[in-house]
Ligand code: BDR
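Shown below, as structure tokens, is a lone chain in the form predicted alone; questions about how it binds or moves come after it.
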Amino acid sequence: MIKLLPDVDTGIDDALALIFLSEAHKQGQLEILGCTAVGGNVEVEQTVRNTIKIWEMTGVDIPVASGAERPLLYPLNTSPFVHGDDGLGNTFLPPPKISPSDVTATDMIMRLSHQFPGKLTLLTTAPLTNLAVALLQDPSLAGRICEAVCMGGGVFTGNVSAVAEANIANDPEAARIVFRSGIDITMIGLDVTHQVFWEENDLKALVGIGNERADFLLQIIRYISGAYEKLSGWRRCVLHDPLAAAVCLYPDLVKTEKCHVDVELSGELTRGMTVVDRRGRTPLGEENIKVALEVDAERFKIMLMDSLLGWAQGG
């Protein structure tokens, strides 16, 4: 069974991913050993609170460890326009009843990597600061990780700039450390996540439930859809983090190509870009990242909606 440690900055699409994972956890498809949170979509205190609250709402008991408040070298850039002031579409949920873990995110990553050497899967849907800090403390950590599925980056596009994706752009120095670490990484970037989205017509089944859980889902989905509409003129909820979560369970959802990938740190127009070498001339052995290039979008969207409907109808 997959032993999973998610590392999140719980905003709206992280929340959808966590609900999907909680349903898989309850069905025995994987075991969520813990969860770490980092500053990203909102400040770390709020991402911790949001993460605990989502686990609490789903009825699973997952310890949540607080991590880095800011990137390694620069201030944090949060995304209230996309995720709301509270990170969850301004739903302003009541505080969770459960407290954060008494260990730090780095400690949790280290402890679980020693407890389950070669068996631990990391899912990152956030800036990579927590994992980078752990690797700086103990580079041998890379050899104890089975694999990491990272939502971030892109080959042909960006979102916070023409070439940079938000999670990588928020801490490029951390991303470079992780990408160069030797961990077996699958990069779920914008090339595939931009192909998986919901429009209003896709939400009919949720609308028909008419209970508190369904209403919460609709509120956060419609909030982020409205943000995308203001940014691009296209009203949709792009399912970035849920796709990465699903790939942990179903790797065949995406087709990947092993490439050499690095992160640009200093370009005036390209800082935070994941530079993917697809020339076919990379010396053998230097390909370090499995880059997702194609996705079975319809299969994934049905899978995710079925999972969320299962949770919503259980309330």
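Residue numbers here begin at 1 and follow the sequence given. Note that the structure is a prediction, hence the values are computed from the model and not measured.
Just so you know, the form predicted in complex with ligand BDR exists too; it's not on screen, but the next bit is about it.
Just one listed stretch, out of 162-170, 129-137, 109-117, 213-221, contacts ligand BDR in the predicted complex at the 4.5 Å heavy atom level, and that stretch is 162-170.
Here is the short version: of 174, 192, 151, 88, the single residue with a heavy atom within 4.5 Å of ligand BDR in the predicted complex is 151. In the predicted complex, residue 50 stays away from ligand BDR, with no heavy atom inside 4.5 Å.
Ligand BDR is not drawn, but in the predicted complex it has no heavy atom within 4.5 Å of residue 274.
In the predicted complex, ligand BDR lies within 4.5 angstroms of at least one heavy atom of each of the following residues of 11-32: 13, 14, in sequence order.
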